[in-house]
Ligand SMILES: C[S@@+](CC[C@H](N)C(=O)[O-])C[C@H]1O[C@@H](n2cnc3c(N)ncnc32)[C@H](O)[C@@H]1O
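Next comes just one chain, in structure tokens: the form predicted alone.
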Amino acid sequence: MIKYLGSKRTLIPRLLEVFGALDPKPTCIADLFSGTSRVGHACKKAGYQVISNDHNAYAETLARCYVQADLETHRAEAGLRIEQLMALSPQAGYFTKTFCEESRFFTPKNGARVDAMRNQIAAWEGAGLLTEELKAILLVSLMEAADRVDSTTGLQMAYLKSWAPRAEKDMELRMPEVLSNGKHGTCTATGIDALDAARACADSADLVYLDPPYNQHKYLGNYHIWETLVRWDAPESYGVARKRVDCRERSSDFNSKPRIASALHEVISACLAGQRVQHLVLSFNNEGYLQREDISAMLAPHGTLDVIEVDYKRYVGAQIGIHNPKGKRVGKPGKLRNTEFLFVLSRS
């Protein structure tokens, strides 16, 4: 899967352990801030029915591939389409101009291949040859192929001063790890606001997992290239990183210190408004706008609350330190480790 700040890759074994120990045991899990869909993918693999949601288009696409799509349905045709994409000749276009010439996230040779492949996916879609799930599989294959040859530390806020060794490699598509259907029912993916998703899952999920943004850093700005790759809308761009102009316009209450508490309280209340949801598990970082006691006060009135602390390394960019535009270090790295809090609420 793609490199992603905030990914719960290292936390997944602990999450599955927590989910499996709950009483009554859940069969359907709703993940309302799905991001890369690592958690939803792991839950589907473990046999749960999963409802994934994220309002960013690239994240919804990842969820359609890794949560909603089933291997038996799409394996043969997806494999054939990936072979056809790999056989295309490079065709430089918007992607190459914006992310390889005006900026330096990818080499032009790989940028031209992205342009050709993405245009072909759009042509197949326009001809009615792709289901939404098959389209998602192809887009994720392309996204991950580009991610393996980028020249960043994992964020698309900036690129490296010198080319990363991996950037010189030829981009190669692979079949994503699409899973068989979960034993407890069909898994689904949506791309709606978290509050609307909370209202929708109140009577359809046994367990709700929340992993919201926790400070000023917006995932859309951090991964704007994937948003453009999925939307394929050739947006106006700005700055050294050539961000989509709507990075300036689209906002979330979860990225606002004055508004995050109210936003989180609303989502929690909506999740617990129905009768079916018996458990709510919330991940939050000690670098967030809210403190442990703030979140505990929101959850404790609804049932039995346990809080688990998990220590982990900060992402590589934080360990490298701060550099100016010329590549000279102008600041020292901050703390190298963080604490992830798992708030585990059981209503019964």
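Note that residue numbering follows the sequence shown and begins at 1. Since we're looking at a predicted model, the values are computed, not measured.
The following text describes the form predicted in complex with the named molecule, which does not appear among the structures shown.
- Item | Candidate from D211, D206, E144, D115 lying within 4.5 Å of the named molecule in the model of the complex - any heavy atom | None of the others qualify; the residue that does is D211.
- Heavy atom within 4.5 Å of the named molecule in the model of the complex: which of L280, V67, V39, A30 fits that? Just give me the one. That would be V39.
- Query: Judged by heavy atoms and a 4.5 Å cut-off, are F106, W226 and R231 together in contact with the named molecule in the model of the complex?
  - Reply: The answer is no; none of F106, W226 and R231 reaches the named molecule.
- Item | Contact test in the model of the complex: N53 vs the named molecule, heavy atoms, 4.5 Å | Yes, contact at 4.5 Å.
- Message: Can you tell me if F341 lies within 4.5 angstroms of the named molecule in the model of the complex, counting non-hydrogen atoms only?
- Response: No, no contact at 4.5 Å.
- Task: Mark Y48 yes when one of its heavy atoms lies within 4.5 Å of a heavy atom of the named molecule in the model of the complex, and no otherwise.
- Result: Close contact is absent here: in the model of the complex, Y48 is far from the named molecule, nothing within 4.5 Å, heavy atoms only.
- May I ask you to check whether E132 falls inside a 4.5 Å heavy atom distance of the named molecule in the model of the complex? Result no; E132 lies far from the named molecule in the model of the complex.
- Message: Just to confirm the contact call: exactly one of 164-172, 71-79, 246-254, 198-206 touches the named molecule in the model of the complex at a 4.5 Å heavy atom cutoff, so which is it?
- Response: Going by heavy atoms within 4.5 Å, the stretch is 246-254.
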